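Take a look at this single chain in structure tokens; it is the form predicted on its own.
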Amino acid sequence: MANTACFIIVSRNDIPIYEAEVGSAPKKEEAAHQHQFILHAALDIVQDLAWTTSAMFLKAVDRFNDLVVSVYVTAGHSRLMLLHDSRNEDGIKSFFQEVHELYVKILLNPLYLPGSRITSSHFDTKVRALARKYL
């Protein structure tokens, strides 16, 4: 597993709907805020790249010191963003694909309002398990 990893899902309206610190490094409040800042700063780059390619997995779109921002853009223009320090590109792609499947299942739930925060503990548990498996 990556030492540092922060995962976030951003809706098409640039609203974060899910956030999780999934790394094995100790949690620090200032580090969490820095991770959020780095991921939100990369949104402009992602928006530009999303319209220039048909690929869903945009790989490494931004770097900050030894941290890398990888992004997966869904067909509905939601962005799955991962801030990490690992070099396992295949694992990251598999992680994004499986989380995308979970996200589609959430969207198919008739009680979920698209664009609202994902508060499901089942979803959170599955995302953290996938992070342990692939990152």
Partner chain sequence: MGREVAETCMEGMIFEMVSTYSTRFYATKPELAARRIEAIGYQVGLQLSERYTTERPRFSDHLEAIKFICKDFWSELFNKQIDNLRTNHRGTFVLQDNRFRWLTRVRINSLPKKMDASQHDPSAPTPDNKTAQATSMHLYFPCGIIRGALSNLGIPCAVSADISNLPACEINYIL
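Values in this document were obtained by computation on a predicted structure and should not be read as measured data. Numbering follows the first chain given and starts at 1.
The following text describes the form predicted in complex with the partner chain, which does not appear among the structures shown.
- By the criterion of a heavy atom within 4.5 Å, A41 is excluded from the residues contacting the partner chain in the predicted bound form.
- Mapping the unseen interface onto this chain, L80 falls outside it, with no heavy atom inside 4.5 Å of the partner chain in the predicted bound form.
- Proximity of N65 to the partner chain in the predicted bound form falls outside the 4.5 Å heavy atom cutoff.
- Using a 4.5 Å cutoff between non-hydrogen atoms, S86 does not count as a contact of the partner chain in the predicted bound form.
- The three residues S54, A75 and L108 all sit with a heavy atom within 4.5 Å of the partner chain in the predicted bound form.
- Contacts of stretch 98-135 with the partner chain in the predicted bound form, defined by any heavy atom lying within 4.5 Å, are made by H100, E101, Y103, V104, K105, L107, L108, N109, P110, Y112, P114, listed in sequence order.
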